[in-house]
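Starting off, we have a lone chain in the form predicted alone, written out as structure tokens.
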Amino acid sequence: MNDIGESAKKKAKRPSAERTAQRDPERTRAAILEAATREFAENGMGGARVDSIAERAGTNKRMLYHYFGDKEQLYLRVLEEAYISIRTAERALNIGTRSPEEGIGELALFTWRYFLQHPEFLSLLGTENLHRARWLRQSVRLKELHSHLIGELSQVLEEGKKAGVFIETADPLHVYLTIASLGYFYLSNQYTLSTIFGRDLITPANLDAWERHIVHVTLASIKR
């Protein structure tokens, strides 16, 4: 197709995409967020392209800017939604309704399995840490979400201390950092570690073994 024909084709697509967005704005926003999540996870903040996000979402840049402002605002929204997803799923665990040991063990299992099922979340974390949480600091929504997590974890630990199960110095932030770091480091460095030590860390058997290790180490660090 010549340049004139290609240009006409692109112009024909724009009204259609905009009409679709006007008919179902929520669907369009969701499609853009999903596409942006993939693009930022694969290419980072610097390498991600707005054109690619719009194409993946089946819309155009004009609609993307209309709903999210610019690339940086879209990236922040992607980060927020990623954290909201994991924190919302954590709340559904209701770890406070279980025995203290079961509650901590369940949180450890959930976190590891969530990381396994959502590699894009780990990629986004890596990107944001490279930028020293430049965009994350701008979010007010996330501070509220994380305060709830630490609050619930504190209650479970307090119950365990009262029951004589956990040590008095057990700290909720330390417990969560233990759980998250054991999962994050393993998966984020799977390729280099597998190569260096000559052992495929992502076989089902090795993943199951590491899952048990995370639960064991977490509980062993706080039990009397």
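Please read all numbers here as calculations on a predicted model, not as lab measurements. In case it trips you up, residue 1 is the first one in the sequence shown, and so on.
If you look for the form predicted in complex with a further copy of the same chain, you will not find it shown, but the lines that follow are about it.
If you check a further copy of the same chain in the predicted complex, you find no heavy atom from any of 110, 116 and 165 within 4.5 Å. With the partner omitted here, the stretch from 157-165, 24-32, 38-46, 57-65 that lies within 4.5 Å of a further copy of the same chain by heavy atoms in the predicted complex is 38-46. Residue contact with a further copy of the same chain in the predicted complex: residue 152 places no heavy atom within 4.5 Å of it. Heavy atoms of residue 91 never reach within 4.5 Å of a further copy of the same chain in the predicted complex, leaving it off the interface. Shown alone here, residue 215 lies farther than 4.5 Å from a further copy of the same chain in the predicted complex, counting heavy atoms only. Proximity of residue 128 to a further copy of the same chain in the predicted complex: non-hydrogen atoms within 4.5 Å are present. Contacts with a further copy of the same chain in the predicted complex, taken as any heavy atom within 4.5 Å, map within 130-153 to 130, 132, 133, 136, 137, 146, 149, 150.
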